[in-house]
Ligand code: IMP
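Just the one chain here, laid out as structure tokens, in the form predicted on its own.
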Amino acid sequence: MTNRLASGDKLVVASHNPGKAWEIHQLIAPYGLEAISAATLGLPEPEETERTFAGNARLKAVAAAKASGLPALADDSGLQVEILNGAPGIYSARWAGPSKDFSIAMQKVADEISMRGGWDAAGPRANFISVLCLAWPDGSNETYEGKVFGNLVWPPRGGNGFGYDPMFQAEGATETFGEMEPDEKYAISHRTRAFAAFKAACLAGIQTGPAKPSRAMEIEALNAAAANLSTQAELSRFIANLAADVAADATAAKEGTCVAPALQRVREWLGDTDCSEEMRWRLLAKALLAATGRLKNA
């Protein structure tokens, strides 16, 4: 019988990827569950040695649950490209290299498609897949799967998502996942569809309410955004959000009185300056996170 969660329970998000941890938090927060990422707890990141998404999700969830003594929710997800026989598949994160730079991974996907002559007007067919696994400290677990189908575009567009989002356009959409606002993406994403199955099995009967992210998850969101910037305009929006966060941080009010205006000046400078030759938006964003004490080392 499937174990159920209750409002107020703590749940470990068994991921060291800040973007993925933030997305999962957004899904579970309305149910009164407190999300804590594996990175925040300092849990080791297990090597993904299984040959399926379900196997890797189970491996990560069970490891986090046993190490923390709390229920843990893990996601194993990836991009499957039809012309590449389902690659990168379970190796989607590994295609980003040791630095987990998905601009490298997207370029590799594009190059592999080009070698097979797969770039046509419609773009090659692909799908995202997500398998969620909920595990308990005793090792018991259940898995839930979701998929979203579409086509790939090149060059990538947008910086709102993470991973391969900027090159994936879902069926019926005109924007990539990277261009969509978060709510638009969550409405149709593979992870949302896997979560629907998880919700029916584990969250039935829990009264939902407004999602109020924890402070740790707010920091996760800023770090996820910094890791996925691709344009000057996206950097400007990131700085506006970072300035608002600093100004609203009650525990750092004194710091905020000097840092928030400084961030605003940086944003104004970006608005007045042509920086088209400067491509290190993510580096600058991470430097600003470090300057405001919000950069995660994981």
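In this text, all values refer to a predicted model and were calculated from it rather than measured experimentally. In this text, residue numbers run from 1 along the sequence as written.
The same protein also has a form predicted together with the ligand, omitted here; what follows describes it.
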With the ligand left out of view, choose which of Asn223, Asn151, Ser92, Asn141 has a non-hydrogen atom within 4.5 angstroms of it in the predicted bound form. Ser92
Choose one stretch from 109-117, 162-170, 132-140, 195-203: the one whose residues place a heavy atom within 4.5 angstroms of the ligand in the predicted bound form. 162-170
Flag Glu34 as yes or no: does it have a non-hydrogen atom within 4.5 angstroms of any non-hydrogen atom of the ligand in the predicted bound form? no
Hey, in the predicted bound form, does Glu48 get a heavy atom within 4.5 angstroms of the ligand? yes
Contact test in the predicted bound form: Gly78 vs the ligand, heavy atoms, 4.5 Å: yes
Does Lys20 reach the ligand in the predicted bound form, with heavy atoms at most 4.5 Å apart? yes
Heavy atoms within 4.5 Å of the ligand in the predicted bound form is the criterion; list the residues of 103-129 that meet it. Phe128
